[in-house]
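Single chain ahead, written as structure tokens, the form predicted alone.
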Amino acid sequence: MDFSFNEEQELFRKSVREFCTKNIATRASEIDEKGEIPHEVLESMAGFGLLGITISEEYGGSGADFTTAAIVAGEIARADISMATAVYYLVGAGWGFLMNRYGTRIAKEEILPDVTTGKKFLGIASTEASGGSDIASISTTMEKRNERLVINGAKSFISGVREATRYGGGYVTVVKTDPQLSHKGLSLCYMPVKDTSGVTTSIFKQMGREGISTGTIDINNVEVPEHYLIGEWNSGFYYAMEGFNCARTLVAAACIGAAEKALESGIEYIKERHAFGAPLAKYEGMQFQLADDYTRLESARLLVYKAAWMLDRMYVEDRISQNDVNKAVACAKLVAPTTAFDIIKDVLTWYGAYGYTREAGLERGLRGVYSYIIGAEGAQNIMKLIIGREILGKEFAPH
């Protein structure tokens, strides 16, 4: 059992950190304050091969595994702890992988090269105003009509609405294709947003992740080609759960990256800051809290990279069951966001009055990470339900 990155992974991690420090960290405050990721940042990420990294090489990606993709998520979040840039990256990497795996060749040739080159945005549209975790109860419908797919409904709390409208692109969209079959009557399709007849959008004002938008998509008789169907008709629930496992692993990795950066900053601060004639780091109370935070971070990191490793084994070697992956990913997603939030909060407190200023930058991380506690890519209690179901068996799943 090896708990370290191999030589190639470590060299890659260092190169990504250098890139992110130069191209993202220097723009982090601007991203939050201006409420957008500068397009030149996205172009530089694409040029470095980070956007759509899990997409296969024939469509411009790297075909990277999820351990590699998790490394990138963590490094991006270190550079921009608001999570905005990490969100842009991880939805494309997670749902781009799913589309690469199950989309039709004509759709992939049309869409994915623009995702990997940063020309277009790719995200996930599953959540609706009535809720997000119970996707079997969604009301957005899709039917076949004259060799077209016709979609009606509305999606809410969707990441990247402004970006998809501005740059082009669209969403892996969860739709109901047979209302009588509950979760077995769902399908997935790709739905473009920009200049699409029948699509209207609006943007929410968020408390965090200011650099990437969140909004609503109203869908009124939107027609898309039949080849935009992803996978088989009425099998969308299973594809969506697979996609959420991919995205949740990268979310958890991003949270670890943000927490790691905050803790490193805090360590340097308590070494330098003096109170009552001694550095703060000399006091046992400070050391005890640091020890707890460090231990929690290391524990969360192990869960995250175990989940990534299991995803890779499942896809590459078919050695790991889907149930075991579900459990591992839910554990990582349960632990990583709360660990990151608590660590950033502790470091902010160590900074005292300075921590309460925007100049310190820590509040950006607190606001951003919190989105992954309250619901984005699955709320904490949903992760607990998944873990309980996989331990006890599906017959004990709540109805």
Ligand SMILES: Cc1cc2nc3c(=O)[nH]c(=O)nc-3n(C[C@H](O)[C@H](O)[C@H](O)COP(=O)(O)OP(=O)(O)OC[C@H]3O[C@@H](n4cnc5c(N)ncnc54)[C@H](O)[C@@H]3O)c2cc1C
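Remember, it's a predicted structure, so these values are computed and weren't measured experimentally. Note that residue numbering follows the sequence shown and begins at 1.
Separately, the form predicted in complex with the ligand exists; it is not shown, and the next lines address it.
Report the stretch among 369 to 377, 36 to 44, 345 to 353, 64 to 72 that approaches the ligand in the model of the complex to within 4.5 Å, counting heavy atoms only.
Result for this chain: 369 to 377.
Is S187 one of the residues lying within 4.5 Å of the ligand in the model of the complex, judged by heavy atom distances?
The answer is no: S187 has no heavy atom within 4.5 Å of the ligand.
State yes or no: in the model of the complex, is some non-hydrogen atom of T214 no more than 4.5 angstroms from a non-hydrogen atom of the ligand?
Yes - in the model of the complex, heavy atoms of T214 and the ligand come within 4.5 Å of each other.
Tell me, yes or no, whether F237 is in contact with the ligand in the model of the complex, where a contact means a heavy atom of each within 4.5 Å.
Outside the cut-off, so no.
Taking the ligand as it sits in the model of the complex, is L90 in contact with it (heavy atom to heavy atom, 4.5 Å or less)?
Residue-level check for L90: no, no contact with the ligand.
Taking A136, S139 and N245 as a possible spot, do all three reach the ligand in the model of the complex with a heavy atom inside 4.5 Å?
No: none of A136, S139 and N245 comes within 4.5 Å of the ligand in the model of the complex.
Can you pick the one in F157, Y102, Y305, Y269 that has a heavy atom within 4.5 Å of the ligand in the model of the complex?
Going through each option in turn, the one that passes is F157.
Which residue, T177, T165, Q289, T127, is the contact with the ligand in the model of the complex, using a 4.5 Å heavy atom cutoff?
By the 4.5 Å heavy-atom cutoff, the listed residue in contact is T127.
Just give me the residues of 222 to 245, first to last, that have a heavy atom within 4.5 Å of the ligand in the model of the complex.
Not one residue comes within 4.5 Å of the partner.
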